[in-house]
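Coming up is one lone chain in structure tokens, specifically the form predicted on its own.
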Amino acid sequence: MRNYEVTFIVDPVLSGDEIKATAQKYVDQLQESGASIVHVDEMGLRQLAYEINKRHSGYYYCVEFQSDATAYLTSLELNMRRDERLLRFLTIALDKYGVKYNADKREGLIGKTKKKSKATADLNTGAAAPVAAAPKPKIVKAQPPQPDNLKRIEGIGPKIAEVLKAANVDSFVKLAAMTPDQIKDLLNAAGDRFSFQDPTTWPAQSEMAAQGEWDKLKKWQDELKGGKVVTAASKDEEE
């Protein structure tokens, strides 16, 4: 898969929730296109180099991702160009050096200056070099995995996705491991507005999604209605 990163600046006059929702919108769109999110860097509020739309600062985000669907980038950039919440954006393709640079930066290896060792200085002055102490092992914090876009499951909308995430069901794997009755209990606990949902097919759909069987899932979803299997009886009722 090819590696890319898109950096965009969100209008700082928006509320904190609106800024995060704007960024999450494009993360979701990338995942829906089949892209794999490598890292989302919330860079925070920064001063602009020049005034944009009467703004002197902006909220920066950088999303690194992998994708083979290069045609989708045109659609992504068109959506960003039309989004009045964004001040600027830039999408670039990363070569192997760019990928390594980003990985090293996340691990804290970029931006540190190397000091001249005392041993080298002693050699230059003729003094005996002391035995260097063993370096302390570097602790690298693992990046938390990005949550899956549960709205790709037929029958799950934004509100239901929030209900599931609130219950720590934020991945296709976790949803696939649940039974329809367990999902139904979560929906009932969230209120009457969710109690009419039928999650019968959600675990099976999630299993396909977790295994990357998107073509197979799409074909099945075309036969579903609101996430439910269409039976002969239901067809007769509609007619």
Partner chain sequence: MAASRDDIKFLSNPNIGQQRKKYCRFRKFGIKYIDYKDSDFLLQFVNDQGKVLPRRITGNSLKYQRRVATAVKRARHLALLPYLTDLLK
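Everything numeric in this text was worked out from a predicted model, so none of it was measured. Only the largest set of C-alpha atoms that superpose within 1.5 Å between the two forms is called the rigid core. Positions refer to the first chain, counted from 1.
One more form of this protein exists, namely the form predicted in complex with the partner chain; it is left out here, but the text below deals with it.
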property	result
Sole residue of 80, 73, 94, 163 within 4.5 Å of the partner chain in the predicted bound form, by heavy atom	94
Region of this chain that lies against the partner chain in the predicted bound form, out of 42-50, 173-181, 29-37, 65-73 [heavy atom, 4.5 Å]	42-50
Touches the partner chain in the predicted bound form: residue 17 (any heavy atom, 4.5 Å)	no
Residue contact check: residue 108 to the partner chain in the predicted bound form, 4.5 Å heavy atom	no
Non-hydrogen atom contact residue 9 with the partner chain in the predicted bound form at 4.5 angstroms	yes
Interface membership of residue 215, the partner chain in the predicted bound form, 4.5 Å heavy atom rule	no
Core-superposed comparison between the shown form and the other one, residue 172 Cα displacement 2 Å or beyond	yes
Post core alignment: residue 218 C-alpha displaced by 2 Å or more between the shown form and the other one	yes
